[in-house]
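Two forms of the same protein chain are encoded below as structure tokens; each is given separately, as structure 1 and structure 2.
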Structure 1
Amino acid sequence: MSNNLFVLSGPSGSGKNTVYNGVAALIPEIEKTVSATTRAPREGEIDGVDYYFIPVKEFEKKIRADEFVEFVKYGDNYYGTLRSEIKRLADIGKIAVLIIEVRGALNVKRVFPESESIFILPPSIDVLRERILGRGQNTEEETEKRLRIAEQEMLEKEKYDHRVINDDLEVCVNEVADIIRKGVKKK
């Protein structure tokens, strides 16, 4: 496996995907891993591009065979990162970036201790609330639940190799890009 493995994590609303997109524009050698899921594809989603869409029984078989670096069950659906996906990116010389939730990120660090983990922090809980509300996708109750989860996830930030505050997007993107560049160089 490649030592060029980075985990980007943080609470919902911290801007993980937006930060990744900014970093990808600066470092073309990085590529986001494609997660596997048991949920049905949404309109326009492509198997192997957006997700690997896997039936539940097959996903559970892969769990038993230890084919996942990390996985989680949300509601009735599983989500996870296949070991083969990390190998695929390493084989084509890419720097693999996993954009995953906190529990999964900590497990990746256990499985691949040479990986580098980056926690994206919001500038404050109030800003996080505004970002989540600004999406317009959640009820007040769902927003409060997400904020409670975010507060719990932020307690884990010290377990990460790096912590970056996403207050100014450009500054945050540059900081994360620098972390990745330095991490690749030392490996």
Structure 2
Amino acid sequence: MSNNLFVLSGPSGSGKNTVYNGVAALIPEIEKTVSATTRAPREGEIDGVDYYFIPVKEFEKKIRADEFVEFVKYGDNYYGTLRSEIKRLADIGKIAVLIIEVRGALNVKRVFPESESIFILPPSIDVLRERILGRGQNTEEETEKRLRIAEQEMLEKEKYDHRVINDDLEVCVNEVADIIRKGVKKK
């Protein structure tokens, strides 16, 4: 079940979701797991597509019921990958891609050692700041919090199987697609 599992991680603002979308256009066999979160939906986000948006009480109930492969408290909210999501994708023969932050990514590696982890690096911290600010979705305080987390997250990059810099999006997408194609072939 865990054979075809890839983890795409990196700091908020590294562009990992955009990179995933580019890779998914090249490799239709991949599909992302939909995470559960207690964060409020942003404009345009759809429940069950972008996330399963659930209240804190329900999230904590799922933690107690051991329904998560991994979960973290990130900022003021919980985020987690449900076991049922991995199963859902395995059942339909998809290659699962988890797009998650760094602590969760390292936990997945512990649960599924044969999974492959990819760290998406921003070209610099300044670019990261611009990207997080450019989104206009976070308050100044949240942006600062995300940047502080990002700096910590960058220290973990050596623990990943692969590192790819997201400077030129197309180059980055092709590199990640190559890693996944090679990884799938091995299995």
Ligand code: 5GP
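These figures come from a predicted structure and were not determined experimentally. In this text, the rigid core denotes the largest set of C-alpha atoms whose superposition between the two forms falls within 1.5 Å. One-based numbering along structure 1's sequence throughout.
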Fill in: Chain form predicted on its own, by structure number
1
Worksheet item: Two rigid parts of the chain turn against each other between the two structures; which of S115, N166, L89, G104 is at the hinge?
Response: L89
Worksheet entry | Rigid-body rotation angle between the two structures, smaller part relative to larger (whole degrees) | 18
Worksheet item: Core-aligned, what's the Cα displacement of P41 between the two structures in Å?
Response: 5.8
